[in-house]
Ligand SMILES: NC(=O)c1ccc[n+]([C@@H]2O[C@H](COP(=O)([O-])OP(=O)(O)OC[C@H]3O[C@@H](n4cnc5c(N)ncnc54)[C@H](OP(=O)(O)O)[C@@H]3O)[C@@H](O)[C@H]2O)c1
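Shown below, as structure tokens, is a lone chain in the form predicted alone; questions about how it binds or moves come after it.
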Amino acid sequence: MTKIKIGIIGSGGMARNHLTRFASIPDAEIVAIASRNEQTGTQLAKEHTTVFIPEWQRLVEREDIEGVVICTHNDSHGEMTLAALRSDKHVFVEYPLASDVGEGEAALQLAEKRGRVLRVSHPEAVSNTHTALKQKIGELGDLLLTAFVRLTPGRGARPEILFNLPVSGTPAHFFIYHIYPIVDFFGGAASVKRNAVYEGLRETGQYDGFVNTLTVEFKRGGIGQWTWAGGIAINAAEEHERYVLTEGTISDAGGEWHCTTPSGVTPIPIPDSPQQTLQELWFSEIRGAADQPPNLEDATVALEAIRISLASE
């Protein structure tokens, strides 16, 4: 089988994680790594016996590369995705899809026009839990309310990309992985209301603490609410989710999911069957793109998610 040749943009922790996954795929060949950090980029390239390129633009233009993996800061995802698609490359990009809705829309249009696979790294596509919840939600009627709360302590050092509006966007955009699964369950938003409070906000756009809330009305009906608070005085991180539907309520409790109906409370079983990794799924989609147009459902959900997260600005 002919190997699929890929290039990686980025040399941080996520790039390392993806490289480890791709290196385990027999038909993957890592052709080049590009990074603005020459030291970490060169080191990573040596570890994987490949070429280091300082300029990411040169990587996406290489004719010997079929797919591009983007593992950079949030603010560059859209630009790099568009450049790779314009060069007829398949794209695997870290979430969020983009930090501008127009870039996200253009990316989907380009992927469809050129028959390229565009996959965003949201893991729900290969998650047994997400699949089980989606099936159960489909059995419980119409959505009334979905509510999500995440509280994060303020202790410890933070990477420079956290609590940084220019680089990562608002907290809602940084935590878009909390928005994506709910959009996949219930569809896009008809309207979005938001509020944000920042503590210690500086001219650089960095801050020390925050509260960010979103309330959406879904196009298909029902209300969605998200609350994030970070840099606060709390002993440990807390996270709670509820899906309230006309025929029952789904909730998480101690890492387990339960369904409450008029007849009682029952656990939601999560299958333990092995799944493809996202990297393997992307490769299978690239193979399939030779015979039929790629399925852009994941990218469409990712676009609807950034419509909501960017409305929080």
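A residue's number is simply how far along the shown sequence it sits, counting from 1. The model shown is predicted, which means the values in this text are computed figures rather than measured ones.
Although not depicted, the form predicted together with the named molecule is the subject of the following passage.
* To do: Consider the chain as shown here, without its partner, and state which of 251, 40, 50, 277 has a heavy atom within 4.5 Å of the named molecule in the predicted complex.
  => Spelling it out, the residue with a heavy atom inside the cut-off is 40.
* Which one, 194, 178, 130, 73, lies within 4.5 Å of the named molecule in the predicted complex by heavy atoms? -> Going through each option in turn, the one that passes is 73.
* Asked: How about residue 146: is it within 4.5 Å of the named molecule in the predicted complex, going by heavy atoms?
  -> Contact check for residue 146: no, nothing within 4.5 Å of the named molecule in the predicted complex.
* Answer yes if any heavy atom of residue 14 is within 4.5 Å of a heavy atom of the named molecule in the predicted complex; otherwise answer no. => Although the named molecule is absent here, residue 14 would touch it in the predicted complex, with heavy atoms inside 4.5 Å.
* **the named molecule contact in the predicted complex: residue 121, any heavy atom under 4.5 Å** => Yes - in the predicted complex, heavy atoms of residue 121 and the named molecule come within 4.5 Å of each other.
* Hey, in the predicted complex, is residue 95 touching the named molecule, heavy atoms inside 4.5 Å? -> Yes.
* Asked: If you check in the predicted complex, do 186, 216 and 225 all have a non-hydrogen atom within 4.5 Å of the named molecule?
  -> Not one of the three qualifies.
* Where does the named molecule sit in the predicted complex: which of 31-39, 59-67, 284-292, 260-268, heavy atoms within 4.5 Å? -> The contacting stretch here is 31-39.
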